[in-house]
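The chain below stands alone and is given in structure tokens; this is the form predicted on its own.
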């Protein structure tokens, strides 16, 4: 096994399970953090492990041990936490086993397959005392954090309604999923619902204090017919291609409405198999104003010119979140505009300080649950379904939130 000298500086030792495109990207970011070492990595494919082990060696001068069976990685005593950017349907399973082995779990985004696995995440974290964090990078986006600062300062008044979406043309990625060993294809082939809710729901949940004084009560989902992938395959791969006969179950556009305990509403949209530019379709609306992402505009009652939108940019600069002020001074780095680095640092700092994570296991379970609840609602004719309270009533009074530079609940 690889031996890492821990005497020269305070280090966090991480394993990475899943080394596809996302896993390789996260590993690259971690290798740029001087206080992080990677003793071991795991993937089902030898070529991915060899490529990433070589990357570690070139960057840091040592080669991590490699395992096809992630359980062997989890048995190691020299690992503090495990990053899990594997396929969606095994995120929870691996995270549960990671916590059982005494390690901080960090799952990439994706929806749950069942409510049972969400409860298993929560109960395992409670039993072992080990945190479980969803690596929802959008919670650390510059715009999202500026909005959080403005909401905390009361600029929007009382929040009434929020919207968001995953609106991203993925026809090529999904259609080539089998060739590229990407897990999306099988999900689109077999499921029908809000498959990817957390990019939009994560920041919204923090805006609305979900699991800390508020909670999600019920949701209702509706799915359109599925035509986009079939047309794309016919147009680009031809009618003789074996995928031309696949009957995809995932609707082209899935809409979900959620009601919160204090009366707020949330609208989510999943739109990934029709031609369109990328958008997360954000909207924040309160008693004093409204922000919309698609036209990058904002309006405040009594401040903005009457019935006229203002550019959001000037407000974002005025109300820059303190974390982003620091980050821009230090130098923004990493993918997706810099937010990938921040979410990983939030996780690493939690391990270093031996605290809970800013996105905790209750957040993780709640956000993931939207997928399987949405599937249930779609399958039963868009009937409302109850969102479980994974805090078992603790949302009413969770006590003081976790402070710190990377907190998503308080601003210092």
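On a predicted model such as this, the values are computed, not experimentally measured, just so you know. Numbering follows the first chain given and starts at 1.
This next part talks about the form predicted in complex with another copy of the chain, which is not shown.
Undergrad: Mind checking whether each of 227, 259 and 275 has a heavy atom within 4.5 Å of another copy of the chain in the predicted complex?
TA: All of them do, each having a heavy atom within 4.5 Å of the partner.
Undergrad: Consider the chain as shown here, without its partner, and state which of 120, 143, 271, 108 has a heavy atom within 4.5 Å of another copy of the chain in the predicted complex.
TA: If I apply the 4.5 Å criterion carefully, the residue I get is 271.
Undergrad: Considering 191, 181, 171, 76, which brings a non-hydrogen atom within 4.5 Å of another copy of the chain in the predicted complex?
TA: When another copy of the chain is considered in the predicted complex, the option within 4.5 Å is 171.
Undergrad: Is there a heavy atom of residue 318 lying 4.5 Å or less from a heavy atom of another copy of the chain in the predicted complex?
TA: No, residue 318 is distant from the partner.
Undergrad: Quick one: does residue 286 come within 4.5 Å of another copy of the chain in the predicted complex, counting heavy atoms only?
TA: Close contact exists here: in the predicted complex, residue 286 approaches another copy of the chain to within 4.5 Å, heavy atoms only.
Undergrad: Though only this chain appears here, would residue 263 touch another copy of the chain in the predicted complex if you measure heavy atom gaps against 4.5 Å?
TA: Flag for residue 263 set to yes.
Undergrad: Within a 4.5 Å heavy atom cut-off, is residue 61 in contact with another copy of the chain in the predicted complex?
TA: The answer is no: residue 61 has no heavy atom within 4.5 Å of another copy of the chain.
Undergrad: Spot the stretch among 327 to 335, 124 to 132, 100 to 108, 300 to 308 with residues whose non-hydrogen atoms come within 4.5 Å of another copy of the chain in the predicted complex.
TA: Selected stretch: 300 to 308.
Undergrad: Counting only heavy atoms, which residues in 157 to 173 are within 4.5 Å of another copy of the chain in the predicted complex?
TA: Going through 157 to 173 in order - heavy atoms within 4.5 Å of another copy of the chain in the predicted complex - the hits are 158, 159, 160, 161, 163, 167, 171.
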